[in-house]
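We begin with a single chain expressed as C-alpha cells, specifically the form predicted on its own.
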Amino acid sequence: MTWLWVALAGGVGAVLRYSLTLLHVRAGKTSRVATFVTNVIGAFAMALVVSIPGGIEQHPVLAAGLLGGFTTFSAASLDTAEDLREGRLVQGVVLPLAMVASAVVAFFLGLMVYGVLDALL
C-alpha cells in the first residue's frame, strides 16, 4: 500500500513544482530559474528527510514521493540541452554546474539545520 502513498505524494510534489514555476513566470523570471530554485529547495528538504530517524528507508512517501515529484532533473536537462543547441554555451554549462553546486550546498545546510534543531528540541 506504500506505493499508493508514494504515487499520491509524487503528484502533490509535481503540483508544488508547477505552482512554483507559475509564480516565477508571473514574476517575470524564466522557468529555468524555477527549475534551479526547485532543485535547491528539494536538496535542502531531502537532507531533512534523511536526517530524521529511519531516513529514506522509513520515509519513502516523503523522499521518493513528495521530493521525487517536486524536484526535476529532466527539466534541468531539457533547459541545458536547449541552451547548448541554441549556442548559449556559457548558460548551458554554468547554469547546470551552479545548480548542482547549490543543491549540494543546500543539502549540507539542511543537515546542519536538522542538527541544530535536533539539539534544541
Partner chain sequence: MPPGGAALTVRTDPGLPARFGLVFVGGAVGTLARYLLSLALPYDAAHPPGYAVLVANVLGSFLIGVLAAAPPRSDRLGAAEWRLLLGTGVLGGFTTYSAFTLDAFSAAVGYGDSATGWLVWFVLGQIVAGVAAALAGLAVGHALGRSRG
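Positions refer to the first chain, counted from 1. The shown structure was predicted, so the numbers you read here are calculated from the model rather than taken from an experiment.
Absent from the display: the form predicted together with its partner chain. The rest refers to it.
When contacts are judged by a 4.5 Å heavy atom cut-off, Leu67 counts as touching its partner chain in the predicted bound form. In the predicted bound form, its partner chain lies within 4.5 Å of some heavy atom of Met46. For Arg88, no non-hydrogen atom is located within 4.5 Å of its partner chain in the predicted bound form, even though that partner is not displayed. At a distance threshold of 4.5 angstroms between non-hydrogen atoms, Thr80 is in contact with its partner chain in the predicted bound form. Residues Met46, Val50, Ile56, Glu57, Pro60 are the ones in 46 to 61 with at least one heavy atom within 4.5 Å of its partner chain in the predicted bound form, listed in sequence order.
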